[in-house]
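One chain comes next, on its own, written as structure tokens: the form predicted alone.
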């Protein structure tokens, strides 16, 4: 006989822990967003919706908002396409496949500070190996982190390089569980390699890609450390995203209330995007079995 009370009791510690670690800071953030703080005494002064009105009418906020979506879209497209392509390659038998599967994890395991320093050296306009290769073909050197749109292209590339192993791992695990009979039946029916990929592989990857895109979108939308270390939001504000703007408002100009307001707007935007993504996926039947 089922005991619902026992189930609630078993869930209570987890719910309480999540409430303390997630719920309370979230409530505090919302409350603080309705206040301004004295730069010296740090005493709050309730101002209602003034912080939201100010940030939503400033060009700096909308520029960061636009940059955030350029960064998010570019990173997702590049890392998903690269991750799926490499997963398909690593799913095939070839000499050294085990070593290749191990080495593919290197970017994901590398600390972000180390990765940023390595790429800054490689992208250096004077001594970087990338410009040295470009000049070897008779082309002019590029200031990758000092000009736009080169800086945005560079950070999207580096961010995708760090994240694509996650996609590879998730997709490769699903590829290895697809029954071989499905491919044999498609081959008997005369399906080409592209036809087998589109009609057999992609439907089987639907649920995995749903989760991967969802997680990577959440993580990339709030990405801070890589962008901060690579460009600091520059040149000018060319790569300034909403997380970097929150940092600037809170720790450079000491406008804690405005910083919290931007963070709350980020949360609301992300919630809307996730809800839209779920609705779109359910309409397409992607997560019917999930």
Partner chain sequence: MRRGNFLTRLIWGLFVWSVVGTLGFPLFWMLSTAFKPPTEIFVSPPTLIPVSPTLDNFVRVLNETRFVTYFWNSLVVATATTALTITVSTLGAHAMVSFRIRGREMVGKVILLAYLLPSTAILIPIYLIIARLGLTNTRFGLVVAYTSLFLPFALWLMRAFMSGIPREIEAAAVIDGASRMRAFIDVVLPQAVPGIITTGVFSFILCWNEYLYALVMINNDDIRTLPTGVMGTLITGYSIEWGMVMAAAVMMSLPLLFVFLFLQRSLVAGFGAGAVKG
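By rigid core we mean the largest C-alpha set that fits within 1.5 Å across both forms. Everything quoted here is computed from the prediction, not taken from an experiment. Residue numbers count along the first chain shown, from 1.
The form predicted together with its partner chain is left out here; the points below concern that form.
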query: All of 25, 28 and 102 within 4.5 Å of its partner chain in the predicted complex, heavy atom check; finding: yes
query: Residue contact check: residue 138 to its partner chain in the predicted complex, 4.5 Å heavy atom; finding: no
query: Residue 260 within 4.5 Å of its partner chain in the predicted complex, heavy atoms; finding: yes
query: 4.5 angstroms heavy atom contact with its partner chain in the predicted complex for residue 111; finding: yes
query: is_contact(residue 161, its partner chain) in the predicted complex, heavy atom dist at most 4.5 Å; finding: yes
query: Interface stretch in the predicted complex with its partner chain - options 233 to 241, 62 to 70, 218 to 226, 48 to 56, non-hydrogen atom within 4.5 Å; finding: 218 to 226
query: Residues in 161 to 179 close to its partner chain in the predicted complex, defined by a heavy atom within 4.5 Å, in order; finding: 161, 164, 166, 169, 170
query: C-alpha of residue 266 off by 2 Å or more between this form and the one not shown on rigid core; finding: no
